[in-house]
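Presented below, as structure tokens, is a lone chain in the form predicted on its own.
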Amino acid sequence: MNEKSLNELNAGQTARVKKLLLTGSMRRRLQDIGLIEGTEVECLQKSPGGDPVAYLIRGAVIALRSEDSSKVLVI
């Protein structure tokens, strides 16, 4: 399986979280919203400028900046 970062998903694609490369408070925030290993994530929509991007995570729509989503590895 090829791993890539979350921000490489196109609208409509789904993937599973493999690893978080973030540290500190941002890592904690993402874990708190359910972004942990094995979680399925769907890319819903990219904003016109491309940042942020809306993702469906455990039934909630969450907007993440590319700066943060690039540090989430998915398969």
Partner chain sequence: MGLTKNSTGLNAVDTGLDLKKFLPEDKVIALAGNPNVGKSTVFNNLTGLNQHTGNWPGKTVASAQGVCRHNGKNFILVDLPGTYSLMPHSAEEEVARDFMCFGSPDAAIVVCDATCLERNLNLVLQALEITPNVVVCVNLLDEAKRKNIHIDLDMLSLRLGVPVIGTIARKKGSLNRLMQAVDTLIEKGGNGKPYQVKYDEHIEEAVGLLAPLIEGKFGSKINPRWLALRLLEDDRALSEPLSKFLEVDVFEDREIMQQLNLAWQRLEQGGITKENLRDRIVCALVLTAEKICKGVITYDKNTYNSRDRKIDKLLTSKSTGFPIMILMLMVVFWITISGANYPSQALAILLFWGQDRLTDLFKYLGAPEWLHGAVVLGVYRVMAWVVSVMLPPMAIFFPMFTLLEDLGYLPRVAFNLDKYFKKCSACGKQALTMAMGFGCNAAGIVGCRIIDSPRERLIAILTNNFVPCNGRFPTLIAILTMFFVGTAAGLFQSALSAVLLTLVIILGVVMTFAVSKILSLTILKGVPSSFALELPPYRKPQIGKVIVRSIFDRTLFVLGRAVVVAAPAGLVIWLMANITVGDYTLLAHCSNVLDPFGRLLGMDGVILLAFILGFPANEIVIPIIIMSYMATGTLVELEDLSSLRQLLADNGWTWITAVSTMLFSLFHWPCSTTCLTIRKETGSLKWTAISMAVPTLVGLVVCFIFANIARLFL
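Since the structure is predicted, the reported quantities are computational estimates derived from the model, not experimental observations. Residue numbers count along the first chain shown, from 1.
There is also a form predicted together with its partner chain; it is not shown, and the following applies to it.
- The candidate spot formed by L6, E8 and V17 lies out of contact with its partner chain in the predicted bound form, as no residue has a heavy atom within 4.5 Å of it.
- At the 4.5 Å threshold, heavy atoms of A60 reach its partner chain in the predicted bound form.
- Residue contact check for Q13: none of its heavy atoms lie within 4.5 Å of its partner chain in the predicted bound form.
- Residues of 38 to 64 that come within 4.5 Å of its partner chain in the predicted bound form, judged by any heavy atom, are E40, L44, Q45, K46, S47, P48, G49, D51, P52, V53, A54, L56, R58, G59, A60, V61, I62, A63, L64 in sequence order.
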